[in-house]
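Below, in structure tokens: the form predicted on its own, a single chain.
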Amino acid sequence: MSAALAARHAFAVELAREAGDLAISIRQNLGALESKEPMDYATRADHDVEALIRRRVAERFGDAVIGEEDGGAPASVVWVVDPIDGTTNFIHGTPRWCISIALLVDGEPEIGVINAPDEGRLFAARRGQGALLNGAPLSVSGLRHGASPVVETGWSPRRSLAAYGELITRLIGDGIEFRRNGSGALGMADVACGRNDGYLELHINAWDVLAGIVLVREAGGWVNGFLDNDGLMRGNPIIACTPEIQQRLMAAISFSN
């Protein structure tokens, strides 16, 4: 399987680049927006990019795919894809969006690739092989900056505003700065490269974080058991961080369990 994984890793990197180019080419002609949940949209680009990824995977490997827009089912070898994470940012013309591609084999995240074309950042990782940003090795912060930790938090209508207020209150009470930038996948990638010290969300879907889980682990970080209790299909809370703040973030999110 090692050679097969190496082939899929290289394929995922090139596919993420191709998907990014397609998204950019569509950006000025998105057509009508599709509203999925309050403040959660899909565009022509979301659907066309996912269709491209599905087609390329089928042509090359015949593997199963689970995508945000068109679903899918678990399999022993399955790609998990968010065609555009940060769609609201994408719609508004800001650079904080990406393509996220992950591969699971027998339930284990093996490959993670995140391409943020407008930021010029392409992250790639394979289990046991390290993590790269634009071809250069990366690592979590280790709190080497010496300042207060900075943690990005996501938001979802699947949890109450009161719960998110409690989370923010706990973070601030523990001397932890927080941010929200509108892309869970890039929030995870920023932990892997040390821009942020952690990423937290009370509920998030698998396509948003699986690529990032591989990146963070391969960069020396810690991630909770996101796939427990059918996290692949139902989602779960996520904690990803430099190991030095693992216990602090577990305490911050403990009320939601």
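Bear in mind that the values here come from a model prediction, so they are computed numbers and not experimental data. Sequential numbering from 1, following the sequence displayed.
Beyond what is shown, the protein has a form predicted in complex with a small molecule; the following relates to that form.
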- Query: Within 4.5 Å of the small molecule in the predicted complex: all of 8, 50 and 61, by heavy atom?
  - Reply: no
- Item | 4.5 Å heavy atom contact, residue 44 and the small molecule in the predicted complex | no
- With a 4.5 Å heavy atom cut-off, would you call residue 170 a contact of the small molecule in the predicted complex? no
- Task: Please run the contact check for residue 210 against the small molecule in the predicted complex: heavy atoms, 4.5 angstroms, yes or no?
- Result: no
- Message: Is residue 115 near the small molecule? Define near as a heavy atom within 4.5 Å, in the predicted complex.
- Response: no
- Answer option from 84, 80, 140, 124, heavy atom within 4.5 Å of the small molecule in the predicted complex: 84
- Note: exactly one of 203, 27, 195, 56 sits with a heavy atom within 4.5 Å of the small molecule in the predicted complex, namely 203
- Of the listed stretches (71-79, 107-115, 128-136, 154-162), which one has a non-hydrogen atom within 4.5 Å of the small molecule in the predicted complex? 154-162
